[in-house]
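Just the one chain here, laid out as structure tokens, in the form predicted on its own.
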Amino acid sequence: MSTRQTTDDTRIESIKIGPDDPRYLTVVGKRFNKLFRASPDYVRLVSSTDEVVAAVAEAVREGRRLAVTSGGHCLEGFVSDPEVRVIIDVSPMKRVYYDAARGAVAVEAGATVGETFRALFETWGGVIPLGEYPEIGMGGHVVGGAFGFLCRELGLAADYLYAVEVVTVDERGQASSVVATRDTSDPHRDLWWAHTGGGGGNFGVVTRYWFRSPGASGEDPARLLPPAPQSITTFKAEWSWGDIDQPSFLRLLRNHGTWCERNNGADSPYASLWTLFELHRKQFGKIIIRGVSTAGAAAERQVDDHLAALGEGAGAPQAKELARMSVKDALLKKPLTDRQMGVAYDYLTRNDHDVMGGMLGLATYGGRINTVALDATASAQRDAILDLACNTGWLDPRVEAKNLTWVRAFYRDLFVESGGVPVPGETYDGALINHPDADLADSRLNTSGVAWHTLYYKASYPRLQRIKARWDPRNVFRHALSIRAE
């Protein structure tokens, strides 16, 4: 454990960018969801932990609301909030290296998923089960648990987190950095635990992570993380909507749910196969399934078996592509019911909502993820077999209302029996905080009577509240779905 602190007499210089600087728009425009727009007083580009401490201290001293960005892929307007006056951009912090003192591989918060994958593989032949999109920043990704195409085989990235460095603010308004580890003797272990699924923007600014597999030891970094797969096989297959009627659509979806339920175990021969089932609107013309296998020479057979299981009684996909190379959200415990499959068919084919970009996505989940105890990390969803997402997008601002109406109604009708949201229970496992949705906190849309924080954190929320009270007593780090102290 270590800490560093600044005072008013200690100034660390970083790059300060105002609205008159051309670089300002580059940072504030770095947002995945274009529905939201930021307009802070200034942006701080930081390159070290000391610079982060100084930037946070300055914003607190001046009474300016602050937010942090790494890759800029938050799905909600947490950074692009009109009340945010300072954005601290940690993207210049990109080092990935072995820290012999901690016996773990360190990754700074500004590194992207793709940069981290590449560095781990090229330097040590290792891997962490990070997300599938390479441009996502590590800063907010890991703290939300982080799942991707290796999750069924290896679990969540947070399951490999050994330590985290965070810049926090105490009750006096003093900013300092602290390193918290998973060691049971660490007095700051609760802060480490909160960063294994507690979500970004809640406790402080993450500046660095250290990764080491549970139980791993020694001084050879190549043995501290799972070995990277010798090869990966990607595939894509598609069905034409012109060949799909309602019975075949329902059969296809039913087959997919059955396969996921049967092959959910960590010991399944298909644990090395991850897929994303993209049920696009009929106007798009195609239903697509894509995925990744790490089964090596057996990958093609694995993919063929999967596609045959999906197409049984519904028709085989018309096209299949394989490539081998070196190296609104809800979690479901059960497959979709017949009623829900009917709802999906209705929303994907009906003409009264003329939405081109709408899609229902079903990503395989479970496997190794579900072998971890519920209280071992702050990632509380450890029983799901599928991650479901209702998506829409648009380029023309004039169709914004139409698209939002469609996706909200679709999501509501899928979960109408539980108040329009996936209430944790026998069938659903809530939602992922890395896919935040402020609608879940809106009682007009969430009529379940179950609080948004229960959907995201389940029984872990009271513990997260206590950690919030200890490490952010002034509520400096907050947003629309941030943890509220007790």
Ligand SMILES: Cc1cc2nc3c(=O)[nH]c(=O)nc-3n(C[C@H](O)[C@H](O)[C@H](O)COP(=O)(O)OP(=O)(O)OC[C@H]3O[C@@H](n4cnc5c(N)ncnc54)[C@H](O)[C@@H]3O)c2cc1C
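Numbers for residues come from their place in the sequence shown, where the first is 1. Please read these numbers as outputs of a predicted model, since none were measured by experiment.
The form predicted together with the named molecule exists for this protein as well; it is not shown, and the discussion that follows is about that form.
Annotated contact segment (heavy atom within 4.5 Å of the named molecule in the model of the complex): 77-85, selected among 402-410, 77-85, 240-248, 98-106.
Taking the partner from the other structure, the named molecule in the model of the complex has a heavy atom within 4.5 Å of a heavy atom of His73. For Val205, a non-hydrogen atom is located within 4.5 Å of the named molecule in the model of the complex, even though that partner is not displayed. When contacts are judged by a 4.5 Å heavy atom cut-off, Phe235 does not count as touching the named molecule in the model of the complex. Using a 4.5 angstroms threshold between heavy atoms, His435 counts as touching the named molecule in the model of the complex.
Out of the listed residues Phe147, Tyr270, Trp192, Tyr160, Phe147 is the one that sits within 4.5 Å of the named molecule in the model of the complex by at least one heavy atom. Among Gly358, Gly198, Gly201, Gly366, the residue placing a heavy atom within 4.5 Å of the named molecule in the model of the complex is Gly201.
Contact residues in stretch 236-257 (any heavy atom within 4.5 Å of the named molecule, taken in the model of the complex) are absent; none meets the cut-off.
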